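Okay, so here's just one chain, in structure tokens, the form predicted on its own.
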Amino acid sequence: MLSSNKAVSVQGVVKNFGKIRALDKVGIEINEGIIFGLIGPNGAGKTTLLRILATLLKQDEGVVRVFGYDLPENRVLVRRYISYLPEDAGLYSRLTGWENLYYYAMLYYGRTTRALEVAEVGAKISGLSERDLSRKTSEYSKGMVRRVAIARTLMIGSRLVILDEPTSGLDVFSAYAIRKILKEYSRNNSVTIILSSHNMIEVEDLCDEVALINKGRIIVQDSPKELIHTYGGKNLEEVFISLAGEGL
């Protein structure tokens, strides 16, 4: 791997969908080993940027580097180092929670002892009981589905984990459980986590650094604490409203 203390470097990135400009000269820098939040309203460009970082879309203009490798030229190589969980990702409903974890591990390691070990790691990350993991996921709540899906994404041990709206639509207890999983995993492993959210209060609690995006443009990037201090808001939500304007 190329030597770089930056997990992600994005410079002047543009992405168009027909006449719609989803990203407009976007630039961000993300250090390794942090939880980074990309926050903004629906339609701001969050998912588009994450899909570019996940090698699923190609930018129209600009430079994108992941661990020093240019995208999309090195997308096959970069995929070895990343895991991506889209907002609408689900589980195989006819399988149990455990079987979902083991099946995903087998995609990487085949039917081996290593796959079993990785699935066990996923079971622990999920925080679900052995009884819950032995149930078919068709019986799960949305929060339980999301916990297994996130555990499945983290257990592989990727250096960069990309999560699109990981707590979207969850009740307060399930969202809290997800945040706890991410905090503990980040603290115990040398991994960079990038997540998108429109819940700015939640991101304020979870992320080391954030970038505020609106209408395809990055407004500002810094730690939540520094943004609140610099712009004088009570919280990150107030900072965003003051910077982006009321007409969101």
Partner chain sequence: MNPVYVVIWKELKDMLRDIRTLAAIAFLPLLILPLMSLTSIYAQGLQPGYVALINYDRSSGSIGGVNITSDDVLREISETLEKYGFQVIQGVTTNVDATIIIREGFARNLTSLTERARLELIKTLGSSKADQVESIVSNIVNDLNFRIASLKIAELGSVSGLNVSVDSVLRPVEAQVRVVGVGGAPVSYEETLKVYIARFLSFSLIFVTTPSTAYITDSVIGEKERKTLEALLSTPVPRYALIVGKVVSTSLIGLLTGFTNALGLLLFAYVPSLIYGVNLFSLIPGSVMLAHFIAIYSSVLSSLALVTPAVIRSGSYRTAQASSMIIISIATIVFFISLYVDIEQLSDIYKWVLYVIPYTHASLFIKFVALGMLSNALTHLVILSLVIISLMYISIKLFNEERIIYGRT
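Numbering follows the first chain given and starts at 1. Owing to the predicted nature of the structure, the values given are computational and were not obtained by experimental measurement.
The form predicted in complex with the partner chain is left out here; the points below concern that form.
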Next on the checklist: Which residue, L128, L170, M106, V121, is the contact with the partner chain in the predicted bound form, using a 4.5 Å heavy atom cutoff?
Outcome noted: M106
Checklist entry - Just one of I39, I30, A54, L206 has a heavy atom within 4.5 angstroms of the partner chain in the predicted bound form, so which one? => result A54
Checklist entry - Using 4.5 Å between non-hydrogen atoms, is K58 touching the partner chain in the predicted bound form? => result yes
Checklist entry - Does L91 reach the partner chain in the predicted bound form, with heavy atoms at most 4.5 Å apart? => result yes
Item to check | Proximity of N74 to the partner chain in the predicted bound form, heavy atoms at 4.5 Å | outcome: no
Checklist entry - Do G110 and the partner chain come within 4.5 Å of each other in the predicted bound form, heavy atoms counted? => result yes
Next on the checklist: Could you pull out the residues of 23-44 that have any heavy atom within 4.5 Å of the partner chain in the predicted bound form?
Outcome noted: none
